[in-house]
Each structure stands twice: as C-alpha cells, then as structure tokens.
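Only one chain is given next, in structure tokens, and it is the form predicted alone.
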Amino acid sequence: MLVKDCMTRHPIMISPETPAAKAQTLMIENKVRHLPVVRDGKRLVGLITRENLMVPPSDLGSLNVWEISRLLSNIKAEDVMVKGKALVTIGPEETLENAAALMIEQKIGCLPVIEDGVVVGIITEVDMLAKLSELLGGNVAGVRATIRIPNKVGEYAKIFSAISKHGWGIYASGGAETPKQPEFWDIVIKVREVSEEDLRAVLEGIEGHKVIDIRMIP
C-alpha cells in the first residue's frame, strides 16, 4: 500500500496572500483541517492548519470587537503558515507505513504529497485510519478474531491452513508484536460465512495459539 493509494488528490490550496479569515472559512465549509499554501505551478511554500489560525487570548484581551476584526483581517496565510524546516512532506511512491512513521516521529497530523516539486495530494491521520479500517474489514459483516501466536516462522500459516480446510475465507488480516511480550504476535483476522462458535472451535484447536477476542461484526 503506497501513499498515492490513500492520499486525498487535488486538495484545496491557497496562496500565501490569502487572508487567514478566508482560509478558516474554506476549512469550515469543506470540513478539512489542512490547506497547502502554494505559489505558481502548485509549488509548495507552506501549510495552514487549524492550530495556525488560533489567536492567543492574551493578544485579544485589551482589544474591542472592531480591533479584533481588523487584526484578523490583516493576517495573511504567509504570516501563520508552517514553513521552512518545519514543513514535512512525502512522495506518492512512499509506503503507507513510512508515512505513518514520519507523522508519528514529527508529531504532525498530515503530510503534503509532492512529486517533481508540485503538490499532487495530501495524506492525513484520518486517511490513515480509514485505510486501517478497510484493511481490517471495516464494517463488512463477519467474525473478527484476535489470536495470540508464538513469534515463530510458520505460526501464521497454521491459522490460514486450519480455516481453509473448512472452506472459509479470510478476507482481512493484520498483525503486530504483542505489547511487552516480544515472543508473541497478535493476529487479527476477519472471516465471512461462519459462526462465532465454529470459528472459535477451530482457532482454539491450533496448538500454542490463544484466542484473545472473538466477536460477530454485523
């Protein structure tokens, strides 16, 4: 799975001269939290986030409503945008896990996607969560199970083999190292056209494996 498969293409973009108040209106009307700031040819120069548009209360305390309005109308995108070394981007051919790692490392909620110096999209934490939901079966009906297995070669295959023998199909799966127990791995699968009881019986019959959670997702 690559960034280009999950990113929002053709995001709303603004110029550095766009009033901050207009940027805020665009965000509200389009239900977005990030706006790439570009110059001619969609060349990225900055990024506006909701946090950028928050005016500290200490700056407003001594002003009346007209002065506040005038202050806000004079602020441009270039005055408050993320820029320079603080502006973190990624390419469309990067993997989704690299994008997630970069966002976690930098503690940011999005990455403008750049190709040949031009903005071609944006990937956000919401895009990541949407793809995670899709990879784990989303809202498709089926039985979802979490199985704790030894962190050894061949253990994952045992699950697929046991299920396939009954003619059932795994249509979503994922896995991660068990927290604080590196000798184990937690596998999540979703199986259709099977009862919770039947799937549990098969999974509990695999030696060395433990069913942590199993439930029907309607």
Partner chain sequence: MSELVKAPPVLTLEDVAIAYKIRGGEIEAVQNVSFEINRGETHGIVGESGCGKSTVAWAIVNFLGANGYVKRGSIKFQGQELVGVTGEELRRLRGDQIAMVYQDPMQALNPSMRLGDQMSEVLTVHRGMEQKEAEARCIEMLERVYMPDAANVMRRYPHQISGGQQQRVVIATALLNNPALLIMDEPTTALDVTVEAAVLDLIAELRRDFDTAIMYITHNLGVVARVSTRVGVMYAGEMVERGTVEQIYEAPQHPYTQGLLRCVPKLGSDKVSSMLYPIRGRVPPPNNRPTGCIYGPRCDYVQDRCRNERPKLRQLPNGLWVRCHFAEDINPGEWTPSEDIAPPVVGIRDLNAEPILKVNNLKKYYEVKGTQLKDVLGLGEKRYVKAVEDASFKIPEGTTLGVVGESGCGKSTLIKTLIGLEDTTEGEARFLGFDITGPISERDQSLIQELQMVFQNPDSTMNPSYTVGQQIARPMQLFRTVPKAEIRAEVIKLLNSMRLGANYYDRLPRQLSGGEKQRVGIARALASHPDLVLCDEPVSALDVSVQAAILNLLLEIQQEFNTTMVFIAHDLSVVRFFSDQVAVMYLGQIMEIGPAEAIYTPPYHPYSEALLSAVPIPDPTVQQKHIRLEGSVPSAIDPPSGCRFHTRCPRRKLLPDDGQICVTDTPPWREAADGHRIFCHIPLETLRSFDPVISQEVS
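Residue numbers count along the first chain shown, from 1. Since the model is a prediction, treat every value here as computed from it, not as a measurement.
Omitted from view is the form predicted in complex with its partner chain, to which the following refers.
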{"query": "Interface segment, criterion being heavy atoms within 4.5 Å of its partner chain in the predicted bound form, picked from 87-95, 104-112, 143-151, 127-135", "finding": "127-135"}
{"query": "M7, M13 and E29 all contacting its partner chain in the predicted bound form, non-hydrogen atom within 4.5 Å", "finding": "yes"}
{"query": "Partner proximity in the predicted bound form: P182 to its partner chain, non-hydrogen atom cutoff 4.5 Å", "finding": "no"}
{"query": "Interface membership of A162, its partner chain in the predicted bound form, 4.5 Å heavy atom rule", "finding": "no"}
{"query": "is_contact(G167, its partner chain) in the predicted bound form, heavy atom dist at most 4.5 Å", "finding": "no"}
{"query": "Close approach of K22 to its partner chain in the predicted bound form, 4.5 Å, heavy atom", "finding": "yes"}
{"query": "Contacting member of A100, V82, I75, V120, with respect to its partner chain in the predicted bound form [4.5 Å, heavy atom]", "finding": "V120"}
{"query": "The unique member of A172, V38, L53, I187 whose heavy atoms fall within 4.5 Å of its partner chain in the predicted bound form", "finding": "V38"}
